[in-house]
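As structure tokens, one chain now follows by itself in the form predicted alone.
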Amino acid sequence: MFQPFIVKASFVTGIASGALYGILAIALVMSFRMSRVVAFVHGGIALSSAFLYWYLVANPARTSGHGTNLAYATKEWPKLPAVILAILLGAGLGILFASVATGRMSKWPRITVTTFALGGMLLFAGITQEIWPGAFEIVPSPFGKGRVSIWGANVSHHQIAVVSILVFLVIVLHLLVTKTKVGVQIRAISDDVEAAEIVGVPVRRVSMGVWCLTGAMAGLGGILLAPMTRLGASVVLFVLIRSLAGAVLGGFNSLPLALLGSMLFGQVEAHVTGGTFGKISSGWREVILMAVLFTGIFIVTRRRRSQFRLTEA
């Protein structure tokens, strides 16, 4: 049964969730445009950065392993240096993967490199779980515990910060891509790698830079995700799937459509989970989300075919 009094609160919550999916979707789209590789590895990067952030800031007495043989001896650092180090870890892992994907594997079939990216995700996830086995943690936010009421929703400062960071990233990336020489080179590589090489664009260096940037964004996404839920490998990788679905709606090529898809997923999930349409099981929630994804893909594909036929005519 429709619950109109929940709509506004679920809408606000959906924006925060969609913004989180959008940050990772941007990283996936930019990586794909550079290398035509679906960057599953960003899920492992996000997980590694999230766990490093937790390890550096968490109170040792409040971890799930406290008082057991799994005590994690976390450091309880100030949050800012922990955030910086976790983002730098993401950037470093992005460069590490790119050094192989744009080096020895640059001429390999893209499906092979994508499989390698999937393996990279599982590798980073496995290493993280080996370092901190069994950790399933509540993580403190870099933005404190404050909350405000917006349209009837009890919104945390952390959720507001996630939306603000997404807006900031979109503006900065738009200016980077449209107003700078590097942006011109990025667009040239995205359109035609061989032609970009012919005209003298340093393809590998630019690609490495983009992978470094997207690795840092994946790390940031992991840090922002952790305080919104419990930190665990399955949780982070589940969010990657949501972001991947948003990128799919954009055809892994359009940042605006990827962001739209992420926001759409966030809204549908918030309204279904929040009870706007009554009580819906987790299984039916996934069915509804996949129906939205398939419908979006169908609409986008039809629109692009129409545009192609119009151009051809």
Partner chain sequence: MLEVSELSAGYGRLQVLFDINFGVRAGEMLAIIGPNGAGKSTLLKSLIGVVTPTKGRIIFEGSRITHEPPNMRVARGLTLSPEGRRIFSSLSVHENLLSGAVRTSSSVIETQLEKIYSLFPVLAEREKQEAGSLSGGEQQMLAIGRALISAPKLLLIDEPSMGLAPLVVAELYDALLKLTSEGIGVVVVDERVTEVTRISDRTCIVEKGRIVYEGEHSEALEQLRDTAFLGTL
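Note that this is a predicted model, so its numbers are computed, not measured. Positions refer to the first chain, counted from 1.
If you look for the form predicted in complex with its partner chain, you will not find it shown, but the lines that follow are about it.
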Would you point out which of 147-155, 220-228, 80-88, 194-202 contains residues with a non-hydrogen atom within 4.5 Å of its partner chain in the model of the complex?
-> 194-202
Are any of the heavy atoms in residue 188 no more than 4.5 Å from a heavy atom of its partner chain in the model of the complex?
-> yes
Should residue 181 be classed as touching its partner chain in the model of the complex when contacts are defined as heavy atoms within 4.5 Å?
-> yes
